[in-house]
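Let's start with one chain on its own, the form predicted on its own, as structure tokens.
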Amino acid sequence: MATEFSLSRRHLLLSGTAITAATLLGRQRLAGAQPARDGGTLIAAADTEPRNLNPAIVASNGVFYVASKVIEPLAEMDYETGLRPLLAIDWQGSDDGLTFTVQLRPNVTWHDGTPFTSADVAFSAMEVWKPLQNLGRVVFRNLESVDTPDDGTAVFNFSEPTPPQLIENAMPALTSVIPKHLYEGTDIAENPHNQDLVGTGPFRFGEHRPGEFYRLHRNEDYWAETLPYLDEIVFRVFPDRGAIAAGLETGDIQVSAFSAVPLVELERMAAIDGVSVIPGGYEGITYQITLEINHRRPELADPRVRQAIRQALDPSFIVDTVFLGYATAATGPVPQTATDFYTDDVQMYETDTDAAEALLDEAGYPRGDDGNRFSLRLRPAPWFAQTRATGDYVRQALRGIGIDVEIVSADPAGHINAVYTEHDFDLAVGSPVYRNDPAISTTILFQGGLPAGVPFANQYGYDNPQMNEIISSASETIDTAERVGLYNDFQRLASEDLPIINLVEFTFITVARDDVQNIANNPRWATSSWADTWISD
């Protein structure tokens, strides 16, 4: 593999108070001398049911949690090597950044028995990742064609230089391959296989009963001869997170991911015999809590108002009170764990309500007779308890500077539609993910000109030519040092202009029964295949 994968174990470490709190609760999980064994059903807790379960279209962790066991990407993250081959066994980027050649794994079949070939990769790239995927349409925007000289080779051709480092960093999250023979000639976005998944992965899609469960069955024809170990995985849907903790105590649930167990319960859960609290396995999935701003509102289009809002907020309060120390304050859109790209040479903001009120007065929004300057509608994302709690805190903090805030809640589908399609919000609490490279899922939050309806992207009406130029140049720059410099400029402009407000960054906690083995053994464990997960006696 000609290009060096930039992710190392050093770059996967949690930082600040997050690792301190998590380490205190972590336990060593050992299966003794017992070898891995086949069989058993793993019961996992889930708290969302994505409307579209196809990860080639919707690259999000809520989708990956279930779908990554069925549909595979070209490669996956790995603690030891950085990147572990899956459907791809080798890859090489050209020096000019115009081609990226992938050698594919032989003797792989789709779950319906059809052979997997380079035609599936080419179809997925050109017909799905580039035009439809929420993140791929940015990363692969300069992808011109994919040549398939034989069934085992796919050659990606780019119209503009595209850093091989970027494509490698994107492989785990953005290259889920779907079967050409089941999608070609159909309305891809409405294809029934977006729910009834067909993949090459270690598990076959069984059934989905809305509000109850997803059931996956072992793929007896999986390309890895000794895997998978489990007979089935059942994702039980639990809207009530308290029920998840109770189920783990009784053994009715064996694993919960993405901090589904409330943080306040972790210390108690760690003390229960047969249950472990596991802080690892998310190092490649750094989240942030952000305050998203609808720039279509005249008040919010004024940078002085955005700066006032930022100065009214105290990220350390969110760290300590909402996350109980399992987070750290953010300085900008690139998290501190991303040491290849992160810079602290950005504008910093102290919490200062007097300065915030002065900015609002200067912007022409004095307090009225009722003490209010104007009113805003705030939509907290319903993904986590922490996004909802942050919404409550933002409402309280902004009322302190004379901005009246109404909380508007919705289920996941309703929230996505309101924010990303209808733009029916003034403020929203979001939780974007940083995935190894700013060009993958971070710069899309700041890039103007995106069509409506793209989830987890800039749907805020912010369109700054200077920002757009930095993003465009960085995504096409081959020289690593120059790329880093451009992304430092990106962070500086984001911190000055505040198109969105980055508040805190965090990863997640898994809680599991001790009989579940090979948990957290890669940096994206919850969103990986679980092919080597097994249940001990």
Partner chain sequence: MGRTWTLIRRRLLQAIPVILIVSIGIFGLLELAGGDAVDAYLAVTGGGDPAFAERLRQQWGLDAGLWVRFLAYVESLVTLDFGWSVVMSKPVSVAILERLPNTALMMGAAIAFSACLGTLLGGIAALRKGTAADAGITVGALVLNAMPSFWIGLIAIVVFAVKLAWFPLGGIASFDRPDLAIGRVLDVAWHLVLPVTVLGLAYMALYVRLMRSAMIETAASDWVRAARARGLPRLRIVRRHMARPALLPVVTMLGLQAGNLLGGSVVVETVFAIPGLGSLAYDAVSQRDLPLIAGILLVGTLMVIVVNLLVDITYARLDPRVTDDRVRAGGA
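Between two forms, the rigid core is defined as the largest C-alpha subset superposing within 1.5 Å. Since this is a predicted model, take the numbers as computed values, not measurements. Residue numbers count along the first chain shown, from 1.
The form predicted together with the partner chain is left out here; the points below concern that form.
When contacts are judged by a 4.5 Å heavy atom cut-off, Glu190 counts as touching the partner chain in the predicted complex. In the predicted complex, no heavy atom of Ala474 sits within 4.5 Å of the partner chain.
Taking the partner from the other structure, the partner chain in the predicted complex has a heavy atom within 4.5 Å of a heavy atom of Ile43. Taking the partner from the other structure, the partner chain in the predicted complex has a heavy atom within 4.5 Å of a heavy atom of Asn417.
The candidate stretches are 273-281, 446-454, 312-320, 157-165, and the one lying within 4.5 Å of the partner chain in the predicted complex by heavy atoms is 446-454. Though the partner chain is absent from this view, in the predicted complex it lies within 4.5 Å of a heavy atom of just one residue from Gly325, Pro131, Gly206, Pro303, which is Pro131. For the options Arg297, Arg395, His111, Arg215, the residue carrying a heavy atom within 4.5 angstroms of the partner chain in the predicted complex is Arg215. Along 466-498, a non-hydrogen atom within 4.5 Å of the partner chain in the predicted complex is carried by no residue at all. After superposition on the rigid core, the Cα atom of Pro412 is displaced by 2 Å or more between this form and the one not shown. For Gly242, the Cα coordinates differ by under 2 angstroms between this form and the one not shown after the core has been superposed.
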